[in-house]
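We begin with a single chain expressed as structure tokens, specifically the form predicted on its own.
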């Protein structure tokens, strides 16, 4: 299997198959909707915006009132930036190729993390015994997607930590 992220000199190259592009764009759009239009007791909002002050609801509310808009704006801007990265990509050998520059690898890493956290919150991943999930279980696909995104994160982290040897 071809690596999704590879080092190319000073750049990190993102290489996605067409179905991976579709998946990333769809998941980013779903997360944007969840962030812009959270329902009551939405597990995604609860997971991505955990309490800032534990044990003191009044202090937590004060901190949230001060920071909530900025945190939401940062997450939405990150999603938009990743979609812009995908849009600027070029086609090469059946893949979308994007050379990530400067802080873009960290941006992608953060968005992948947010998407994985959102998926996990939706399926209540912490309550699932993964060893007991059958192939046709409704949570099997979301778990597989989380694992795939996690594999991407591992590749990117290895490169950022200097452990990648593909140049």
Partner chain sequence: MAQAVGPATTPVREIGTEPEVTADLPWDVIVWDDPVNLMSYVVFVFKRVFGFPDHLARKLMLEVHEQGRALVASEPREQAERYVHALHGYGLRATMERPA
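Residue numbers count along the first chain shown, from 1. Keep in mind that this is a model prediction, so the values were computed, not measured.
What comes next is about the form predicted in complex with the partner chain, which does not appear here.
Candidate site formed by 51, 67 and 154: every one of these residues places a non-hydrogen atom within 4.5 angstroms of the partner chain in the model of the complex. Between the partner chain and the residues 37, 41, 131, 126, the one pair within 4.5 Å by heavy atoms in the model of the complex involves 126. Checked against the partner chain in the model of the complex, the candidates 11, 146, 23, 16 yield a single residue with a heavy atom inside 4.5 Å, and that residue is 146. Under a 4.5 angstroms non-hydrogen atom cutoff, the partner chain in the model of the complex lacks residue 97 among its neighbouring residues. Taking the partner from the other structure, the partner chain in the model of the complex has a heavy atom within 4.5 Å of a heavy atom of residue 160.
The partner chain in the model of the complex comes within 4.5 Å of a heavy atom belonging to residue 117. The partner chain in the model of the complex comes within 4.5 Å of no heavy atom belonging to residue 45.
Along 10-41, a non-hydrogen atom within 4.5 Å of the partner chain in the model of the complex is carried by no residue at all.
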